[in-house]
Every structure is written in structure tokens, then in C-alpha cells.
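Take a look at this single chain in C-alpha cells; it is the form predicted on its own.
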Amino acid sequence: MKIENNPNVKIKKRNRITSREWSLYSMCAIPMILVFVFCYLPMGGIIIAFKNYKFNKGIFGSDWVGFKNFEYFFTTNDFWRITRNTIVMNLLFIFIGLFCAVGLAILLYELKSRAATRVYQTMLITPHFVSMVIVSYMLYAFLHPQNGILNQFLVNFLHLEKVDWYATPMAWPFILVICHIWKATGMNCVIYYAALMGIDQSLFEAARIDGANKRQIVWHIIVPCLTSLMTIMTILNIGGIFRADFGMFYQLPRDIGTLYPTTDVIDTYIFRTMRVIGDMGMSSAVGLLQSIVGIIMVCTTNSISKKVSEISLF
């Protein structure tokens, strides 16, 4: 009897990597190397967070101070203010941005013209690639205390007095949210639009036969189909809730001290501390703290989502 025909004999087959798999591995090689070099190798610098780092002594020669860098950050007078601004603004960005991105994706999906869809997609994505420095000058043209477009509109059309926007801290949470929506929603909208393209068309046909209107189709078909993606995107965004877009919070308010009560966040505060004091240890400690809080938030949000809706990232 041949061995191949005997069911009791197990033949070990040698797994070989095909040429197609080698090409796929080679395509992944460069991104993996970049991630290793720029994300994993710098992790050795975490030790700076526990040292009184001096440039002349180097990383290993600097004095060990334990958790004093963390204590300095927690005991500073501005800790609660910058933490509140960072968390509150990120929550506004996450949930308002989610609503706007899904709404725009649904509107794009309802377009019948492919050419119009491409045009609108291009228009929505373009702000994502605009530098925050350029956005800050565009915003300054709108909000200039004397000759700004918005102030000219208030005076000439609404017959109101000019507003010095760069001396009005309470207006800036709204301004920053609008700028974030304008800049980031387009890219997220395309992601949700791609998910909409994968929905089975028979669901829409069955709903129309049953007499469902547009609102019912959106609420009972489109939104449930996007729930998984919306949950995953939200979990990933919550992971960065303790971080802020430095370019946005530094460039748009133009680092004006009057606006610090509502625009000063952890990243801008650390930058100013580094610029004035040059304390590398404290900045490294805060960066490590931000990463730890991000991991905890991702795991916590993922666990809650898994228990509530059985949708999770891992």
C-alpha cells in the first residue's frame, strides 16, 4: 500500500513562499522599516522622562530623578486648565467630526452623477493637505480686528460693531471646531463613503418596495451598516484624546496669551516650557504620560464597546 493512500499516515508538506508572496513581503518591507526606525527605536528615549537630562552629560550620564518630572507637571498651576482644554476640544472634534463625516458621506452616496461625485470628493479632501501655517493666515484674513472679512460683514451688512476675535477667548472653541471640521472631515467622509459603496443594493430595493422613504432608509439601513466602522474610528480617535494637534492650537490662535484660557493645550504648554526652560525631562515625561493614557483609553473604550454592541477593535 502506498503511503499517500494510507489515512493513518500524516505527510508533512513543506511550506514554501511563492514569488507572489515575496513581492507582497517586499512591498511591506519599507513601511515596516520606517515604523521600526521612527516608532520603536525612539522608545529607548523613555528613560529621559526619569532623569534630569543635561546635554553635556547625555542620556545615560544625566542624574536619575525618578518621578519628579511627572510631579512637576501635575503640580503646575496650569495643569487642570490645559488638561481640560485638551480633553474637551478633542471630544468636540471626535463627535462633531463623526456626525459631519457620516452626513457628508451619505450626501455623496445619494449623488447619481459620477463626475459630480469626483468633483465634490476632490473639494472635500483638498483642505486636508493644506498646511496649518497657511490656514492660520487664511483665518487671520477672516478675523482681522480691523479689516477682517467677518468684521466687514458685521459692520456693513448687520450694522454691528467690530469684534476683536484675538482678544475673545470664549469664541475660540467654536472657531477651532469649525477649522477642524473644514480641514479633517473630507478625508473621514471618503472613508465612510467607501464603506457605503459596499452595501448590498438589494437592501435598498427591498426597502423601496416596502414603501420606505429616504429618512427611513438612512436610519434603518445606512447607519446600521456604518456602525462597525464608526465604532472603530471612534475608538482610534479616543486613543489620542490626551494629545492635541500642535499646529492647530499653536498657529491658529497665533500664540496670543489672551487666548490661553481656551486654546492652551498640553502640547503647546510643553513647547513653551521647552522653549523657555529647556527641560527635556519634563517634556519626555508628558509624552510618555500621553501615550499611557492613550493606551488605557483605547483598551477601556474597546472593552465597553465589546460588551455593549459586540463591536470592537480587538
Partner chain sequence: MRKKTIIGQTVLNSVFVLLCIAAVAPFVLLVSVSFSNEKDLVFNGYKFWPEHFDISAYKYIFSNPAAIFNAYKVTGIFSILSMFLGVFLMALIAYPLGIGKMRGKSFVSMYLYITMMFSGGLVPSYILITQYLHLDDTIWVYIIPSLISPWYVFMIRTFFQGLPYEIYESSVIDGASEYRIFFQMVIPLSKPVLATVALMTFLSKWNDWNTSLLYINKSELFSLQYLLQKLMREIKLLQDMQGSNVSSLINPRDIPTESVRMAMAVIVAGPALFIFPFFQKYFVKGLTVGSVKG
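The structure displayed is predicted, hence computed values, not measured ones. Each form is matched to the other, and the largest set of C-alpha atoms that superpose within 1.5 Å is called the rigid core. Positions refer to the first chain, counted from 1.
The next section is about a form of this same protein that is not shown, the form predicted together with the partner chain.
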item: Non-hydrogen atom contact residue 173 with the partner chain in the model of the complex at 4.5 angstroms; value: no
item: Residue 220, heavy atom within 4.5 angstroms of the partner chain in the model of the complex; value: no
item: Exercise: residue 258 in contact with the partner chain in the model of the complex, heavy atom 4.5 Å; value: no
item: Residue 216, heavy atom within 4.5 angstroms of the partner chain in the model of the complex; value: no
item: Location of the partner chain contact in the model of the complex, chosen stretch of 199 to 207, 107 to 115, 80 to 88, 67 to 75 [non-hydrogen atom, 4.5 Å]; value: 107 to 115
item: Listed residue (179, 102, 244, 124) with a non-hydrogen atom within 4.5 angstroms of the partner chain in the model of the complex; value: 124
item: Single option in 163, 98, 92, 138 placed near the partner chain in the model of the complex, where near means a heavy atom within 4.5 Å; value: 138
item: Stretch 21 to 49: residues contacting the partner chain in the model of the complex, 4.5 Å heavy atom cut-off; value: 21, 23, 24, 25, 26, 27, 28, 30, 31, 32, 34, 35, 36, 37, 38, 39, 40, 41, 42, 43, 45, 46, 48
item: CA of residue 23, rigid core aligned, shift of 2 Å or more between this form and the one not shown; value: yes
